[in-house]
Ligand code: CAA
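For reference, the chain that follows is the form predicted on its own, supplied as structure tokens.
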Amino acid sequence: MPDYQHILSETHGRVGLVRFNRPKALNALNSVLMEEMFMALEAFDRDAEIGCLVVTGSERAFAAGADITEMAEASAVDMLLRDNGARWDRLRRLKKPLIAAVSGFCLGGGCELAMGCDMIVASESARFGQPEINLGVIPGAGGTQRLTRAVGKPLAMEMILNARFLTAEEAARFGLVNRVAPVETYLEEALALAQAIAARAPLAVRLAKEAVNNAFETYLADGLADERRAFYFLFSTEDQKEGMRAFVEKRPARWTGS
């Protein structure tokens, strides 16, 4: 296991958990934390014993945004050459489902990270926002796109143009998060959801995630075609045969991921 500076990495059965660990900075996403997070998530993604991933912060802050000290004096050319935005593509390349367990501040890059996950379980104290306008910039890691798709144009405009925060209950009502739990149990609920997903047929879970993301990111016709290909392909797997036999025989399925 690598000696990480700003994250903690652990397993819970078939679930891989990554915790941000910069408490004094409210888990601000500096370049070291981001690289460590991706290293840990990608290692779990390659591990056949892991079926689902969870990323979390602390009760006080999931992540309060990007580390502004790393970019405050940067020029446009500096930002272009660093191309830090490209690292976010690694999130989209994860094959296994990724759940964000969010409590406290989830702002700026932290909110973009949570939205880049496949599901969000929020604590009652969670606060979601894209306040980059207060810094004279806009969201730069997908916030203008994913937030608009999640909550609709009018609310996204207010959040991005006027730095409105959403409470956990509002985020659930507008479709940004899956569920809200007490602060004391939100991580347990996220892990329980992850364990349930990890217990399902691995290849079907992987292709189902791809199909849903295609619905989110492509034209309908393309998404339907990708879904159909994935559906047909799954009939070449042992898990499909086992799952349907188990249903007919009224017994639990025994998944092998093959």
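The first residue of the shown sequence is 1; numbering continues from there. Worth saying up front: this structure is predicted, and the values here are computed from it rather than measured.
This next part talks about the form predicted together with the named molecule, which is not shown.
**Prompt:** Leu107 near the named molecule in the model of the complex, any heavy atom under 4.5 Å?
**Reply:** Answer yes; at least one heavy atom of Leu107 falls within 4.5 Å of the named molecule in the model of the complex.
**Item:** Contact test in the model of the complex: Ala192 vs the named molecule, heavy atoms, 4.5 Å
**Value:** Outside the cut-off, so no.
**Message:** in the model of the complex, does Met71 come within 4.5 Å of the named molecule, counting heavy atoms only?
**Reply:** Yes, Met71 sits close enough to the named molecule in the model of the complex that at least one of its heavy atoms falls within 4.5 Å.
**Message:** Using a 4.5 angstroms cut-off on non-hydrogen atoms, would Ala28 count as touching the named molecule in the model of the complex?
**Reply:** The answer is yes: Ala28 has a heavy atom within 4.5 Å of the named molecule.
**Prompt:** Of Ala163, Leu80, Leu135, Met157, which residue is found within 4.5 angstroms of the named molecule in the model of the complex when only non-hydrogen atoms are counted?
**Reply:** Exactly one residue meets the criterion: Leu135.
**Request:** Identify which of Met37, Ala201, Ala64, Leu53 has a heavy atom within 4.5 Å of the named molecule in the model of the complex; exactly one of them does.
**Result:** In short, Ala64.
**Message:** Counting only non-hydrogen atoms and a 4.5 Å threshold, tell me whether Gly152, Glu170 and Gly175 all contact the named molecule in the model of the complex.
**Reply:** Result no, not one residue of the spot touches the named molecule.
**Message:** At 4.5 Å between heavy atoms, only one of the stretches 114-122, 135-143, 175-183, 91-99 reaches the named molecule in the model of the complex; which one is it?
**Reply:** Of the options, only 135-143 has residues within 4.5 Å of the partner.
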